[in-house]
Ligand SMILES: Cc1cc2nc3c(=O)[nH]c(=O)nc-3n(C[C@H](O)[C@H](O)[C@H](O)COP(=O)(O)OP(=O)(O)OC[C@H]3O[C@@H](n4cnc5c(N)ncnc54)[C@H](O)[C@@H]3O)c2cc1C
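The form predicted on its own is given below as one chain in structure tokens.
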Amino acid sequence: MTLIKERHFVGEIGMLMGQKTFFAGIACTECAVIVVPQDTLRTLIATVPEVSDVIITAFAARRRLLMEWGEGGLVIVGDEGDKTAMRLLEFASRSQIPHRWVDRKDKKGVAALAEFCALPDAGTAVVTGKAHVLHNPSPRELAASLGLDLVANTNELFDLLVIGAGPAGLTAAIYAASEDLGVLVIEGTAIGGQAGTSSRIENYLGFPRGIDGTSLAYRGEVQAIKFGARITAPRRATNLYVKPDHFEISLDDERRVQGRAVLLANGIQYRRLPLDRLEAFECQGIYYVATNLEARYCQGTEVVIVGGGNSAGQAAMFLSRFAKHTYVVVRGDGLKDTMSSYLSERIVQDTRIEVLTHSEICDLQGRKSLEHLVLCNKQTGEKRTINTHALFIMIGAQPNTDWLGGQLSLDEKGFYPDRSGTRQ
């Protein structure tokens, strides 16, 4: 419980998007409450820059504090490593939704929570405001429960529909919304796209000291919201329809949204290795991103990263701070041809990281979760077993263009070229 004192406020950045408050309040004594309608607040921010600067800064800071405190009315209860729990934690963390995690092994914590709500005896549960309990929800069901479903009014005709909320999509939303256009951004996973999963980005304009992907995505989201853009996640576009005077996008919950223009910034999906039991071990020792959430499972253990690009290099530098030893597995003879020089040089010089060349994973072993993997050296034929509970697969990605349904011409690899022929 958070005690709100004199001159405190309960508003935060979600108010600017029409979201519900994260937690309910109870007045313990006689008090005065000033209520500012959300439409009035958004109009004020859009028209008075001096007020906008103060409110946006305060609201954004409050969201950060709620994240640090683990407060905000959302509690996720489950077993460490459970797939449903992991997906919910990933969504909440990447979406900067304040939350608290309670492991079912924490009997006192579970018992204390059960006093206020009908908590199920097993599985993953989510407790939201007013002690409402969701049992094994999907990220979308969680988002809807928190009032993050921002496309409920599907009859609205937007000026611009942006598919994808990575840096490109957020930038487009900011520019369009700043010109007073009605903008809806549709994101299939979480705000930030692939960049949002990066532990550290050092070559992004304006951040000479570097910035983690989640923070970069959050700043972009706040800026887009400031100008009135609406962002909905997780919700995927499934088809594109061309109408006489507008476009329609069907979503994966069978709704449709309409826009006068569509901007495609739908990014990529991670490539997977053709290995037996790969799917069974996903979120149970196999991961595709390296954030603070995944780093918890690397403490004091051996970590294996497959891939030779910048994402793999950034993950190696980040995870080596937690792991006992970090291996980077590549099929080629080194990193210099596939990774930025500043990263590859750091990795080669770091004694905590070992690069294994001409190697591939040929077997995954474990009971319910990953326990060992076997590497094969393609030059010597030698096999090597590594005891690990954390394998990160970062071997590139393929474009998210299948949903376009033939409405655009794509190249042989599924990318759509611009007029100059450059692959997008």
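Remember, it's a predicted structure, so these values are computed and weren't measured experimentally. Note that residue numbering begins at 1 and tracks the sequence as displayed.
What comes next is about the form predicted together with the ligand, which is not displayed.
The candidate site formed by A168, G192 and A237 is fully in contact with the ligand in the model of the complex, as each residue has a non-hydrogen atom within 4.5 angstroms of it. Checking S178, N203, N136, Q299 against the ligand in the model of the complex, a heavy atom within 4.5 Å turns up for just one residue: N203.
Annotated contact segment (heavy atom within 4.5 Å of the ligand in the model of the complex): 179 to 187, selected among 327 to 335, 350 to 358, 179 to 187, 75 to 83.
At a distance threshold of 4.5 angstroms between non-hydrogen atoms, G220 is out of contact with the ligand in the model of the complex. The closest heavy atom approach of G164 to the ligand in the model of the complex falls within 4.5 Å.
Among heavy atoms of L89, none comes within 4.5 Å of the ligand in the model of the complex. When contacts are judged by a 4.5 Å heavy atom cut-off, Y270 counts as touching the ligand in the model of the complex.
Taking the ligand as positioned in the model of the complex, the only residue of 293 to 312 that brings a heavy atom within 4.5 Å of it is S311.
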